[in-house]
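This document opens with one chain alone, in structure tokens, the form predicted alone.
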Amino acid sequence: MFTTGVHLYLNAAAGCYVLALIISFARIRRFGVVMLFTGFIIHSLYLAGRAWLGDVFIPNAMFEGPFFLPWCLSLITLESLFRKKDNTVTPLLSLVVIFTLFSICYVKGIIPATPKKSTIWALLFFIPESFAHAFFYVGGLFACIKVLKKESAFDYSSWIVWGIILYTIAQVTGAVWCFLGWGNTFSWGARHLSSAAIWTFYVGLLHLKFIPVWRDKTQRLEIFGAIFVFIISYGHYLHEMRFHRIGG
């Protein structure tokens, strides 16, 4: 498999994303779509290549948060383009570029998978979790734009709802994985407590929307939620940079 120089694929994808962002300011839609789609394909190849860094196929490596999250954001951006929501593209591309640039600075090797992490339930946890984080960031960004531009037509609530749905799925699959691997569905460790804190925050935020006095006042909470998710998730990623890795 193409493991030699595979990390250059990530740099190439980042370059395409940056060009797509620059082009979006110039409003050259067709060329911007081409650059974004090219970056997405190259990024996909990079994720596939990561799975082979240990000389055997390890699917967990494809879905490591710092590398998979910007891929999720680029997929969301492509979906918005194809639905012709052109006013959302530049903000979405900004998120793609920011998180992709962070992934370039992150350690490139993979953490060797233990038997407990080789189950399909691990993937069924990590995939919806990363997509949920992506939706939380998008919702927080559009809520911020709504606050700064009082008459902005940006919709942010639907992104948050999708994030909650996917994060709830991740909590269920994560509990199954935890039970099969460690014999319990929840532990009082930092990882489980932080996941529970994020889920509780967003479910509480969702319920506030059904209270009339709060219905139009949740934007700042959604901005805070995105910051909250970033601090927790990237705090874990920075901690994991110290782990032993192979292939990078």
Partner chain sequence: MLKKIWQISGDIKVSFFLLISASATLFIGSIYANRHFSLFRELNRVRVQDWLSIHMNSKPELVWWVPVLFIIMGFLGINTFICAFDRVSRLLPQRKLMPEKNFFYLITPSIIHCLFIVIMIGHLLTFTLGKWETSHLEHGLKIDIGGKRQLITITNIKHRFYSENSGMKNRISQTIVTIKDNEDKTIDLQYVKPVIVDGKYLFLDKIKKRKKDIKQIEAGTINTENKETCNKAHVYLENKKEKKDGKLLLLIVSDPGLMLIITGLFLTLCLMLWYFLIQPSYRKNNNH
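Residue numbers count along the first chain shown, from 1. It should be emphasised that the depicted structure is a prediction, and the values quoted were computed from it without experimental measurement.
This protein has a second form, the form predicted in complex with the partner chain, left out of what is shown; the following refers to that one.
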Site check C16, V34 and F37: each within 4.5 Å of the partner chain in the predicted bound form by heavy atom: no
For the interface check, one of 93-101, 126-134, 74-82, 159-167 should have non-hydrogen atoms within 4.5 Å of the partner chain in the predicted bound form; which one? 159-167
May I ask you to state whether D55 is within 4.5 Å of the partner chain in the predicted bound form, using heavy atom distances? yes
With the cut-off set at 4.5 Å between non-hydrogen atoms, does G109 touch the partner chain in the predicted bound form? no
Taking any heavy atom pair closer than or equal to 4.5 Å as contact, tell me whether I232 reaches the partner chain in the predicted bound form. yes
If we define contact as a non-hydrogen atom of the residue within 4.5 angstroms of the partner, is R220 a contact of the partner chain in the predicted bound form? no
Using a 4.5 Å cut-off on heavy atoms, which residues of 11-32 contact the partner chain in the predicted bound form? none
